[in-house]
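One chain follows as structure tokens, the form predicted on its own.
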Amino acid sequence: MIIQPKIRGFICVTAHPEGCDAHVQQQIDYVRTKANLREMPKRVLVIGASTGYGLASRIVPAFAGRAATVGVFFERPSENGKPASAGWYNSCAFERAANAVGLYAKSINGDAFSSEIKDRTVELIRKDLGTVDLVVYSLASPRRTHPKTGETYKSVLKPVEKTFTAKTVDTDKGLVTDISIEPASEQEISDTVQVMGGEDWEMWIDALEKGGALAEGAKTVAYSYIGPDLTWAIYRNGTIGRAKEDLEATARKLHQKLSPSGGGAFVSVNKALVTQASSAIPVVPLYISLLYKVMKQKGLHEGCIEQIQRLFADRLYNGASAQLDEASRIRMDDWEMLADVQSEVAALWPSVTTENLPQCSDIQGYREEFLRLFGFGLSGVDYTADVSPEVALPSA
């Protein structure tokens, strides 16, 4: 079949297998341009390993340090002749590339919040690797069924305490409009913390430790975002921010547990990037479009793979220190939050309109990066050619 992008709202409902393969290979090629990293983890578990920062967190230790990797994700394979999800194709491409150079790479597809998937993962690690010395928690989901109570929680993207009004953009149509979002209820805040907070991360570490699958001196890292004043009300001071505060509290708790043996738990605050998760947050896509314009002009732009390569090389391994901020967080958003970068973005914000959007922002770059998430717009891929949507995961 010929697969073309079909966009509905903030998501693309199709994905291109050869395009996803090319996108993964681009990231592998970038890592290979860097020197091999010292003191890298050798056995890595990535929870939420199929897209964005999670996928990059699998590629970097594998191709910069020849690590064995286990990836956990919840993706849709091809069914009834329909394309699989981008994350499925990404994971297939990663495993093939890893196997081609003799690297161990196996994946588990299922609900990472469930006890069943945790148990299966521990069993696989114990059987094949013995233990893991790095656990990356990069899970992004709109809902979570609690493994003990069976209750399902849904997250919301809302401000807290008062209505938030600001500019936003329809990235597909290029329309800049104002949006007003009513504040979340206490129940919605609590539910969002249940989905996106730190409890599941802690459950994973406890399951690995109890199952004897966590190495002495193991490290674990989860990903977060803070952002500027422009997005503060909807992000850091909104429901997501409450969840991220819980995540940071969990990091401190886990660090106390792991640090005596030489390990540690960290939250890495990463840069704003086009991901499937960030595309769903009101206001954020417009901010990213302006940010990209400024950072590209200054030669400071990074994508997921550049961010994670720098995280491993400069903060977690390679003889580097984590360089924590006053709240014990790793700040990979350091270039984004430079005063001159933020002042230029803030200066553009009031004047951006539908009419001048292409001139004021990098909306075209945003759209291109969004499509690449689903395997479209990659050079060297013939999108007019007939391709099979059915691609097997080597380790399935």
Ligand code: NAI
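Since the model is a prediction, treat every value here as computed from it, not as a measurement. Numbers for residues come from their place in the sequence shown, where the first is 1.
This protein has a second form, the form predicted together with the named molecule, left out of what is shown; the following refers to that one.
Of the candidate stretches 316 to 324, 180 to 188, 112 to 120, 167 to 175, only 112 to 120 has residues whose heavy atoms lie within 4.5 Å of the named molecule in the predicted complex. Scanning 93, 221, 139, 105 against the named molecule in the predicted complex with a 4.5 Å heavy atom cut-off leaves one residue, 139. For the candidate set 239, 231, 270, 309, a heavy atom within 4.5 Å of the named molecule in the predicted complex is found for exactly one residue, namely 270. For residue 278, a non-hydrogen atom is located within 4.5 Å of the named molecule in the predicted complex, even though that partner is not displayed. Mapping the unseen interface onto this chain, residue 133 falls outside it, with no heavy atom inside 4.5 Å of the named molecule in the predicted complex. For residue 266, no non-hydrogen atom is located within 4.5 Å of the named molecule in the predicted complex, even though that partner is not displayed. Shown alone here, residue 208 lies farther than 4.5 Å from the named molecule in the predicted complex, counting heavy atoms only. Not one of 153, 203 and 245 is positioned with any heavy atom within 4.5 Å of the named molecule in the predicted complex.
The partner is not shown here, but in the predicted complex the stretch 34 to 65 reaches within 4.5 angstroms of the named molecule through a heavy atom at 48, 49, 50, 51, 52, 53, 54.
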